[in-house]
Ligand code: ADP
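Take a look at this one chain, the form predicted alone, written out in structure tokens.
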Amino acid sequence: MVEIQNLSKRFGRFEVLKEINANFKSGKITAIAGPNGSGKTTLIKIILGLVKADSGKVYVFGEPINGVCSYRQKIGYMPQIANYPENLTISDIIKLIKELRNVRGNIEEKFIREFNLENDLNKPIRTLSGGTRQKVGAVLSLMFDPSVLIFDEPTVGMDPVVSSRFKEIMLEEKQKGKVIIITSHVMSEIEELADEILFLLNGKVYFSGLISELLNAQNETKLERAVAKILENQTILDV
């Protein structure tokens, strides 16, 4: 489990996160959703240790991160846009990451097959399409069998076949009891995959719980419409 307690973060005068509390549970897929600027990316970066919170705590399986980076071995992260060295090949990137983690063996082969990357392994990153880069990110996030998986807009740029298989893999990883966190602007994708949703609005937790509970609270049957209603009401309040 990944637990967030009273987490706050400010950049200058802008308070990005305000007293955030959340639990990301093992064996569950939890979606972090909210409009642009709501704090989703900052929250993920704090969990990853890339940004330091001003106050509050993050616990990964009961252990506070406290600036210690060893816990990252338990996390697989797939960013929306990954910046790999453009001159390296896919094989080079995989080899480099394995060396950094001091891991031997061919642990990546299963996922190379899953994402049909066999014929692309020796191509430089600069020659790859956005969708193929996404597949590389998926392999890198999954191949070390981490206990926590964080996917940031994972299916953007993927073709329907690859996207469908990726979602199947995500559900298989969930069945293994892993903590899975996703962000997506596609509400139908969240409905398809997620058990729970953490909805952020203006840096605060607007809702945390089952998607069905959010739908009931908004008297809607579709998540897209429920979210639209939340944002419409917020706009009225801001006027």
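Heads up: residue numbers just count along the shown sequence, starting at 1. Fair warning: this is a prediction, and the values are worked out from it, not measured in the lab.
There is another form of the same protein, the form predicted in complex with this ligand; it is not shown, and what comes next is about it.
Peer 1: Flag V16 as yes or no: does it have a non-hydrogen atom within 4.5 angstroms of any non-hydrogen atom of this ligand in the model of the complex?
Peer 2: Within the cut-off, so yes.
Peer 1: Is G37 a contact residue for this ligand in the model of the complex, using a 4.5 Å heavy atom cut-off?
Peer 2: G37: yes, in contact with this ligand in the model of the complex.
Peer 1: State yes or no: in the model of the complex, is some non-hydrogen atom of T42 no more than 4.5 angstroms from a non-hydrogen atom of this ligand?
Peer 2: Residue-level check for T42: yes, a contact with this ligand.
Peer 1: Okay, which stretch from 204 to 212, 190 to 198, 28 to 36, 166 to 174 lines this ligand in the model of the complex, with non-hydrogen atoms inside 4.5 Å?
Peer 2: Comparing against this ligand in the model of the complex, the contact stretch is 28 to 36.
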